[in-house]
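Shown here is one chain on its own, the form predicted on its own, set out as structure tokens.
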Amino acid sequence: MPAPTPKLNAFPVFMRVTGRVVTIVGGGEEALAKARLLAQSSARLRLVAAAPEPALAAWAAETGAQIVAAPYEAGHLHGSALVFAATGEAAAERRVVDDARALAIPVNAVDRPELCDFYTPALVNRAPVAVAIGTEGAGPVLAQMIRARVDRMLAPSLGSLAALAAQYRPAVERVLPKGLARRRYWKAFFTGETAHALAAGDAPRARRSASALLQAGGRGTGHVALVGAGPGAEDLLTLRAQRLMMEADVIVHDALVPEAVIAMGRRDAERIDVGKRKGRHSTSQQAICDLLVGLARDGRRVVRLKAGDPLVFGRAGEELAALAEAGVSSEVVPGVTAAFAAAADLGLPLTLRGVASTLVFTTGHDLSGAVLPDWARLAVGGATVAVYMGGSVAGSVASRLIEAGLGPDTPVAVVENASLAERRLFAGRLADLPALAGRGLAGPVMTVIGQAVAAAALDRAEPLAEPRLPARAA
């Protein structure tokens, strides 16, 4: 037989406090912390303190909380829905507890679980949605750690979405039959276009979507999020990206996105690799666009996971245009682009006051034509240039820039596998860049060129080329 489930000593409930008095006895830091927590509710706060500390008095004046500036008496508890003893003194708090219990009022003594009728949870507030985490007073720090993890999972717009759902509930119950149709509606409501419109701050579009969904009998269309996976390290993924990956039915990913990042999505999500690798284009761009449109039209929630940032050399424009033409809702979630990750690895300021005030993102392939691109002129003018996918064309990049007038001694830094543990760092001069071809680099390469590179922390970087020997005297 399975082991019996442990019994809770404190049963979690949500207590209605609208317009009711909650009394906090104490004038210091503990009382202020509890007051700030209770201020997230619509309760009326009464603070009892003979000599409230300045921070508490200022907070009460700012929020309109009542302060009773007098020595504590049992009469101060009359009419309270809840009482908190937060004096920091054991004898005083026991007196408050005894007085509250004599009046049949639930009471909490801060940091004294043995005196508590109830415990204060760590709270994730998305009003009217709330998540309360309790440990029966055994581990407040643990409760806060759990709260932080839950907070990251829930979109800031969740409360607004729940409030909108409450407004639509009567119409849904009137129009849709009980059972599958309603469940289908609410699933589409909370995960589809309505939710994404609110997350984008577009309340009118959210209402239009909710109404259209109702007219369609709860049969909603899918949604596509173009999500930046960052440079490779999974802990550089944004909170919004992780939330969408946990909601996704399908994850359509590039070849350069590491497995550790893809694995942060739902375990049961379908995964589709559409990555383009050097020398082998496994999936055409048109096929990718058609795939995204088809999945969304089937009602699927899709994350199109792109290395770095979707809008930086990620061909996001073509995919967004295809989705818009098909009438499919979409959004873009930024990611940490490789240039920023490489700069962070090197401690390299991409802009530097008095040295470089212009930053250029480009690819080495821009120099493959006969016409020199505008960014090359910017490089000569002192801009910092971040070259994506620059490993295989490093030699031609160097020669063309030198021909354009950029000094051969211009500082250069190169990072392979930026942000990852296996990254490699190189530093040298523009004239040294051709030597990169002999380094056996297999991962993504980021090259940064410009005077700002000289300010980087290059002590861990390998030299791009062998040190030059001083010329011998004749």
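None of the values given here were measured: they were computed from a predicted structure. We number the residues from 1 along the sequence you see.
Beyond what is shown, the protein has a form predicted together with a small molecule; the following relates to that form.
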{"property": "Selected contact from A338, L305, V397, V302, since only one has a non-hydrogen atom within 4.5 angstroms of the small molecule in the predicted complex", "result": "A338"}
{"property": "V48, A31, V445, V448 - the one with a heavy atom within 4.5 Å of the small molecule in the predicted complex", "result": "V445"}
{"property": "Answer range among 322-330, 309-317, 137-145, 104-112 for contact with the small molecule, defined in the predicted complex as heavy atoms within 4.5 Å", "result": "309-317"}
{"property": "Contact label in the predicted complex: L256 to the small molecule, heavy atom within 4.5 Å", "result": "yes"}
{"property": "Touches the small molecule in the predicted complex: T410 (any heavy atom, 4.5 Å)", "result": "no"}
{"property": "4.5 Å heavy atom contact, L433 to the small molecule in the predicted complex", "result": "no"}
{"property": "4.5 Å heavy atom contact, M389 to the small molecule in the predicted complex", "result": "yes"}
